[in-house]
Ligand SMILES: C[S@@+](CC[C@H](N)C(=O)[O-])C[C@H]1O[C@@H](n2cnc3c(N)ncnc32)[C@H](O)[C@@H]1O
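Next up: just one chain, as structure tokens, the form predicted alone.
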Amino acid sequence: MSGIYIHIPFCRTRCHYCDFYTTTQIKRKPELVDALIKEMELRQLWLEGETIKTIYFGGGTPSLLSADEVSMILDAANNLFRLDSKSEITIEANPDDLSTKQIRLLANTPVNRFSIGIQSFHNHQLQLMNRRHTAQEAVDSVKRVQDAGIHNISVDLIYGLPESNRTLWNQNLEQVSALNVKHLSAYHLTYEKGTVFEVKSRQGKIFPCSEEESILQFKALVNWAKEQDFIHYEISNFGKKGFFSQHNTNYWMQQKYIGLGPSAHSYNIETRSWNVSNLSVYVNTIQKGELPQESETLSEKNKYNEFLITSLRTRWGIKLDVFERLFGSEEKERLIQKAAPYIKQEKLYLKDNSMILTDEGVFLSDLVLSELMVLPDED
């Protein structure tokens, strides 16, 4: 099964932690919608023979689209690709966009899952991140979506914020419990180069959360998830049974997907391609009947590393029989030897012929992966 990712780059304002491709030129929405449909036409055969099981509107702020614009895009996808009648169709949304009217209109489209970017239920943290909504608006937006009869809802939170502590973080988690949502994506703040947070950190205007405090917040998250019957199925994702993100799970299971819109990536096992991160160039190139993208053919090393990175992120880990089938018994033994120190340190464990990160290993996953991956100059 395959998926479609649709990048909607528009934002009213830019959050201080964000390094995704975005633009505030919201008046250009009609141009983008036309270009997205044209790109689908140009790439109709890219997933030939594949059934589309998931569609994901990401951004940016997809909730800035009108319901009519969402419907136009989905109608084109339905006409040009083979969509499963039970496809999971997700739209990312900001709380302040989710008025009762907008939710009702979106609920009348094929969209059946909402991913709401809350980040925190504390106003001072929202202001620090340059989020537009308030804590109360965040709570109200979730309740309005539920009142509309939609219960496949995910919320996003960020931990490890400057000057954060476990009390504030636990209060965020308690609010998620009170709202009775079925999925939580919780990300540790990263200071991406060029973001406002990264610049302010270098200037000494904000101070990153200590590693010790970050680890304690992560442990609190994992313990809370267990108590609330959330399954920790991927490093940053927690879902009730039956409410995992099908779209993102497809990524981690190395399923094919096509990315539409400026900066979107596509993957079909053998190649990876990506669109230009510039709205004007994207639209103008598409209007000429050309694709504004670059691509690369994945080497065996690329495929090896890709398999490790995506598999180890999940609760299912690296399935060693699959790994052996793809890369051979010699590479399997080599992998186990590399992993041995981390197994001894209880950052990895072996179960049912799979290699899986422990809770402690999850927080140190970048370190573990860097040791297990094949380096560019490694034989």
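If you're wondering where the values come from, they're calculated on a predicted model, not measured in any experiment. Start at 1 with the first residue shown and count on from there.
Beyond the structure shown, there is the form predicted in complex with this ligand, which is absent from this document and is the topic of what follows.
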In the predicted complex, does every one of 20, 117 and 188 come within 4.5 Å of this ligand, counting any heavy atom?
yes
Given 297 to 305, 242 to 250, 72 to 80, 93 to 101, the stretch touching this ligand in the predicted complex at heavy atoms within 4.5 Å is 93 to 101
With the partner omitted here, the residue among 163, 290, 147, 192 that in the predicted complex has a heavy atom within 4.5 Å of this ligand is 192
Interface check vs this ligand in the predicted complex: of 181, 158, 258, 286, the one with a heavy atom inside 4.5 Å is 158
Taking this ligand as it sits in the predicted complex, is residue 61 near enough to touch it, meaning that at least one heavy atom pair lies within 4.5 angstroms?
yes
Worksheet item: Does residue 131 make contact with this ligand in the predicted complex, using a 4.5 Å heavy atom cut-off?
Response: yes
